[in-house]
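One chain follows as structure tokens, the form predicted alone.
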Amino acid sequence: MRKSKIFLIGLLCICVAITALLFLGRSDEEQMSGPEVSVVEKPAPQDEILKIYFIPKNLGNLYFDALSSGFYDAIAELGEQNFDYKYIGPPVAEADNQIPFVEEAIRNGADAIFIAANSNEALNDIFDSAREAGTRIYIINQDIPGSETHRDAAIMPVNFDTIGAAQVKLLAEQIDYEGRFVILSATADAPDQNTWVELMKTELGNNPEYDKMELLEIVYGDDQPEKSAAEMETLLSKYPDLKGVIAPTTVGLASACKVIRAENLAGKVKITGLGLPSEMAEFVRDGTCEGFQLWNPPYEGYLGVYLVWEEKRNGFSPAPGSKFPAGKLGEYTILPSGQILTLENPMDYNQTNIEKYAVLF
């Protein structure tokens, strides 16, 4: 009996020792968690959300609303969870009133700012500050001639070198290549409009086809409907024999059309320019405007999102000659100037296609 007890006690000690050794061999986490530990894999780290700002010349402008819709289209394709998109800007287009909005984007750590600059040089210092902070500066819908070193690239709606000649030709066809006309532009500092106006003047001076056409005056409506309309009224009063108007600004074109229609001058004073199909459809339908031109504003915002995506996600560098994919728009090349051409030539809008595009932008 004594030997049996000794045997049982010894067996019990061995069991206790084995149990202790097994416990000591477990990790600290296993000891604390108990025997029923379920191992769950951690999700892969998520990429940083891309912060994109679009700063137009001014808010309340349907043209820039249309351009902004392109940002949303591309973001929807690439996943809304990957982006923080802001569409902010000043109420009036003036040389330096976009600066506070660029400053806000910098403070919020924007990855990229797309801006339709109101001046060629007024924003250079703040652009430099943004780039030093790691924010890319992309001029959109235009460039900033003479200040290209202060931005990373420029998304152009079209090859601007074609705009001046295209606008003059369109008006010439409407007035049979003869008569006096005026130009109603945006602001006196607007880089894009100023470039087009200079190209128009060059075309008029160099092309003998236009020898019987005379440019009387260039006025500025500051991309405000009321001011543009007032300028148009003054021009009609000042030049009773006026044959035509070119308004290379969507706000100016629509406003001038309203004045011409109200004055019962539709067909007598021909008007063309750059306009939005949605705004111009009524004037094309009633004959106030035979036809106008533009490009496709949503394409610009769409292209811009893909540019940032390729840079931040795939390591693309927008060096001259480099190419990148832009979704449904295909492949684009960075030109030696640092520009990216959304389209090569402006599109014509008239009674044959106005209804199709008016529902789009």
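This structure is a prediction, so every number in the text was calculated from the model and none was measured. Start at 1 and count along the sequence shown; that's the residue number.
Note that the form predicted together with ligand RAM isn't included here; everything after this is about it.
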Could you tell me if Phe114 has a non-hydrogen atom within 4.5 Å of ligand RAM in the predicted complex?
no
Is Ala66 near ligand RAM? Define near as a heavy atom within 4.5 Å, in the predicted complex.
no
Whether Asn61 contacts ligand RAM in the predicted complex should be assessed with a 4.5 Å heavy atom distance threshold; does it?
yes
Can Phe71 be called a contact residue for ligand RAM in the predicted complex at 4.5 Å between heavy atoms?
no
Thinking of Ala186, Asp192 and Leu274 as one candidate spot, does ligand RAM come within 4.5 Å of a heavy atom in every one of them in the predicted complex?
yes
Pick the stretch from 201 to 209, 99 to 107, 74 to 82, 249 to 257 whose residues have a heavy atom within 4.5 Å of ligand RAM in the predicted complex.
249 to 257
Interface residue in the predicted complex among Thr135, Asn141, Thr288, Asn120, criterion: non-hydrogen atom within 4.5 angstroms of ligand RAM:
Asn141
Go through Val308, Ala326, Leu294, Ile334 and name the one with a heavy atom inside 4.5 Å of ligand RAM in the predicted complex.
Leu294
At a 4.5 angstroms cut-off on non-hydrogen atoms, which residues of 194 to 228 are near ligand RAM in the predicted complex? List them in order.
Trp196, Asp223
